[in-house]
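Below sits a lone chain in structure tokens, taken as the form predicted alone.
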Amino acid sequence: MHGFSKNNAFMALQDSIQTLLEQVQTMKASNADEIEALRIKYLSKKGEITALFNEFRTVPSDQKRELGQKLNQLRQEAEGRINSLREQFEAKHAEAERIDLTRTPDPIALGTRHPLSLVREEIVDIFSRIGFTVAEGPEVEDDKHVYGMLNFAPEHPARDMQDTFFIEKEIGVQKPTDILLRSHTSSVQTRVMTSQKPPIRVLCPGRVYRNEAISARAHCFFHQVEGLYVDKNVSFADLREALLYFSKEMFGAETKIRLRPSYFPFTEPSAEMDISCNICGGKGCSFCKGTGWVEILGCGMVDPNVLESCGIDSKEYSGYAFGMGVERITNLKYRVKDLRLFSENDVRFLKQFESC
């Protein structure tokens, strides 16, 4: 009877091992809590597999070898299965975290840089090589910085409401105001000159606004890059060499420039600069109207009155300034004929610059 009892205990323990092994091999879990519950059920100190190891102590020595191997196999199977479930869950969880539910459905088209941004950055990069740094200022400005400090007479046509967007102080009430949308980035230059001491060498890129009819050749807002250099003994020759360097870097080593006398309230002497047409090479075409030259910017020596109004001694310092339209340079570089394309956000137009 005693041997029969031992044999029954052996068989019962063996059956329990087999039953748990089948349960372990079919374990399933859908979240971390369920996986932890399975671990506690089978492998914790009070778990079912641990309980079998406690029963195993009562097994006779001659039977322990066989049952011990099966128990170890059961525990290894349970540990491996739980680890596998945990890894699967963590992988799915990590994948779910990587999914951006705000993204548009596939396929997702790659974005492109706007041509004006490309050209603006190229202009800034070229002038940065000869010591210019970028300065920025507000788009909503006052008359003092946009006109007054730049030697504009009170009756100058640029102050007329037809050219400048003035901002009313009270909505719906027509009142004279000196608050406006800047019509050029020269206002940044006045702010720099009143806050810094020479030498000053800055580039002022930004959006400007003018009350003009929108067409293929004009818009009520556009972009400028203006430059200013103030130091001792700055000459017109310095200005010419800086602009020649820029033109060759932007349009090619064969580019030529010419300066024609002009007038601007804030520079004296003043000039408009043309480059040899980069389309026909100066031979004459429809783009340059048969002249072989294309105007790209205005420039000149900073008027002494401007320096004095900004607190700079015009007897000790001199300087030059220049300004160009980014749209104009972009037209020349990429041959875009209609200015409205730059602001209409037509993806067909923007896709043309994917390789730029």
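Keep in mind the model is a prediction, meaning the values are calculated, not measured. Residues carry their position along the shown sequence, with the first being 1.
The following text describes the form predicted together with 3,4-dihydroxyphenylalanine, which does not appear among the structures shown.
TODO: With 3,4-dihydroxyphenylalanine left out of view, choose which of 247, 224, 190, 276 has a non-hydrogen atom within 4.5 angstroms of it in the predicted bound form.
DONE: Contact with 3,4-dihydroxyphenylalanine in the predicted bound form is made by 224 alone.
Open item on the list: If the cut-off is 4.5 angstroms on heavy atoms, which of these, 86, 120, 207, 210, is the one near 3,4-dihydroxyphenylalanine in the predicted bound form?
Closed with: It is 210 that has a heavy atom within 4.5 Å of the partner.
Task: residue 322: touches 3,4-dihydroxyphenylalanine in the predicted bound form, heavy atom cutoff 4.5 angstroms - done: Answer yes; at least one heavy atom of residue 322 falls within 4.5 Å of 3,4-dihydroxyphenylalanine in the predicted bound form.
- [ ] Would you check, heavy atoms only and a 4.5 Å threshold, whether residue 81 touches 3,4-dihydroxyphenylalanine in the predicted bound form?
- [x] No, no contact at 4.5 Å.
Task: Non-hydrogen atom contact residue 329 with 3,4-dihydroxyphenylalanine in the predicted bound form at 4.5 angstroms - done: Because no heavy atom of residue 329 falls inside 4.5 Å of 3,4-dihydroxyphenylalanine in the predicted bound form, the answer is no.
Open item on the list: Does any part of residue 47 reach within 4.5 Å of 3,4-dihydroxyphenylalanine in the predicted bound form? Heavy atoms only, please.
Closed with: Because no heavy atom of residue 47 falls inside 4.5 Å of 3,4-dihydroxyphenylalanine in the predicted bound form, the answer is no.
Open item on the list: For the interface check, one of 293-301, 34-42, 309-317, 49-57 should have non-hydrogen atoms within 4.5 Å of 3,4-dihydroxyphenylalanine in the predicted bound form; which one?
Closed with: Selected stretch: 293-301.
Task: Interface residues of 253-276 toward 3,4-dihydroxyphenylalanine, as seen in the predicted bound form [heavy atoms, 4.5 Å] - done: The stretch 253-276, when checked against 3,4-dihydroxyphenylalanine in the predicted bound form, contributes 264, 266, 267 at the 4.5 Å heavy-atom cut-off.
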